[in-house]
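Just the one chain here, the form predicted on its own, laid out as structure tokens.
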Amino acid sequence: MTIKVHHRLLLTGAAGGLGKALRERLKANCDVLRLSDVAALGEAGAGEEIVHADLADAQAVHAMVEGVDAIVHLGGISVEAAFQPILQANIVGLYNLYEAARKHGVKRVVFASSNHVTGFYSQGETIDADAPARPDGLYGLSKAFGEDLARLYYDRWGIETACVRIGSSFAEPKDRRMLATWLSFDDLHRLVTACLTTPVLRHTIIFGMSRNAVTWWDNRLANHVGYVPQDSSDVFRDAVYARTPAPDLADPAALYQGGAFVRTGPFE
């Protein structure tokens, strides 16, 4: 059962893939779900509010945050891209969000960080939240900045944040790498719910993954959040192996946790 502890909850990036997955699910967590994106969101349903805002527009973000009790922040660029768009959406935009939260007295944020913060660790090792960041590109770098920004706003102003290093959240794993990184949509909701409702969150880094047999991530430092995944990529293992070739260990994408992100992007 989902405990409803917030009256009005803000979901940014609501038009994206994970935003769409959470739009209906998060209604159980609040009385009013405020949805925001730069893309079309359709008509507001029962218990919904829609506020269009560009994260790089500080004034628009300030208005977007007004009156909310907590924020689930999925907004911004979610793939590798050129630096300027990432700068505006993921760096300037996140600063604008935290400034708005500070000014409006919002004390809890669930921040969609990424496994690409640590993408240059080997697939043959297990890391925890104390492992230094090793971003695999500009996108991962922006998320590492976001985690540090969230820590600053906790240390100085007491805004608690769960930095959720989302793995691969799809209906099912698409390849062998995702057998380790997969996060089901229902487990994503369970994780967000745990972050919103745990009594004391502080600044916490937690890896967003389901209960997969193969994993590169250890969440023991986030046990206080109370996240208990219930789904597993293991039921897809035979099908994934049948349709995909054995990994080429000469390919960096097969060696590093970031997968293809370690060899893609705007770099020359």
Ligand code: 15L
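Just so we're clear, the structure is a prediction, and the values are computed from it rather than from any experiment. For every residue, the number given is its place in the sequence shown, counted from 1.
What comes next is about the form predicted in complex with the ligand, which is not displayed.
Note that among 160-168, 145-153, 119-127, 95-103, the stretch whose heavy atoms approach the ligand to within 4.5 Å in the predicted complex is 160-168.
The ligand in the predicted complex is approached by residue 78, whose closest heavy atom lies within 4.5 angstroms of it. Interface membership of residue 178, defined by any non-hydrogen atom within 4.5 Å of the ligand in the predicted complex, is confirmed.
Interface residue remark: residue 184 is not counted as part of the site for the ligand in the predicted complex, having no heavy atom within 4.5 Å. Contacts with the ligand in the predicted complex, taken as any heavy atom within 4.5 Å, map within 113-129 to 114, 115, 116.
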